[in-house]
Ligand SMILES: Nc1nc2c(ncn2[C@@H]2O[C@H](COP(=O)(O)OP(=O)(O)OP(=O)(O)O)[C@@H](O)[C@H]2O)c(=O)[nH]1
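One chain comes next, on its own, written as structure tokens: the form predicted on its own.
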């Protein structure tokens, strides 16, 4: 056979082989990964640390490192309202509770926040379509509004915080406050030198429930950026709170950093002496104190997750309490967080049967996890959490103490996760 004919046949055979490979790749997409690995190409692992690698943060965590320190606000809250979606899974005639999600956020939080929104919508709100209120000390930009509105199935509202709710009150000595921040910076107290963090804690303690956009609601669920809901929520938690007569619900509890609240309990005891009429009978004093109120044991509910009754925060008892603490100055002269403030108030001003622990809501906020204790619940709710990561029964958790004070029977598998 002539040499030219041989080369022509080889070229045709090669072309035929290439065409066969292309057809195979198109009709078998999964083969592309195998072929790339065989050729020595590998996907680069993400450099983002997982939950177990991230550093612990204080209980009332909110701002990111990039959060702005400057304070911007206006006299009247600005609000925009977007579309609403009628309930689907629960039927057209389903009547929701008077409730909303609420999130304090800034424009820079958007890509951390969308993950939280998707978890809440996918695990719960796609069935119920509750509203969502976003609050900011500055104006929300169009991107924040468009992205969040596209993900949420209920009404979406955007509000700006008035300046008197995000700034120094007249009675605060700002030079003294600055000296305290520097001292905390030198001691490496987390967020100890942050101005915006203190404004956030004061706002969450005393003002979020007073905002114009929150006034028409009775119940709220607080949602933070970068949280995970590990399990399906197969009931309406707002209706559960309403029908059960609960005023405060939590998933995680732990001990506060004493460096941030050295004189908080001293102020609380002064308030109790001045306002004994606000202390509820059969309260949770024994949960927050080991000696019937002489000292504070630092137990508090982790307020980055809260489901509560707004009427409680608007009550005379809590209004008097917050005003008293505000004039004490500890939000700025120390670093009082909204978590211990809320927790002490709920423990003292509510009967203990008004406080509920949501064991069945699988929840993660760096670095702690609430994973339903019993396997049966985890399977039924399609949970994605590792039960051995469950913080509830660990030594730094205050929830076992809550079980003891409430005289509740512990779940059968608790000892395996302690």
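Remember, predicted model here, so these are calculated numbers, not experimental data. Positions refer to the first chain, counted from 1.
Beyond the structure shown, there is the form predicted in complex with the named molecule, which is absent from this document and is the topic of what follows.
Annotation: pocket blocked; 3 or more atoms of the named molecule, superposed via site C-alphas from its pose in the predicted bound form, fall within 2.4 angstroms of backbone or C-beta atoms. The candidate spot formed by 256, 290 and 398 is out of contact with the named molecule in the predicted bound form: none of the three has a heavy atom within 4.5 Å. Of the listed positions (121, 328, 232, 224), a single one reaches within 4.5 angstroms of the named molecule by any non-hydrogen atom in the predicted bound form, namely 224. When you look in the predicted bound form, the only residue of 306, 247, 334, 109 with a non-hydrogen atom within 4.5 Å of the named molecule is 109.
Annotated contact segment (heavy atom within 4.5 Å of the named molecule in the predicted bound form): 194-202, selected among 234-242, 266-274, 122-130, 194-202.
The shortest heavy atom separation between residue 385 and the named molecule in the predicted bound form exceeds 4.5 Å. In the predicted bound form, the named molecule lies within 4.5 Å of some heavy atom of residue 136. Within this chain, residue 101 is remote from the site of the named molecule in the predicted bound form, having no heavy atom within 4.5 Å.
Although the partner is absent from this view, residue 166 contacts the named molecule in the predicted bound form, with a non-hydrogen atom inside 4.5 angstroms.
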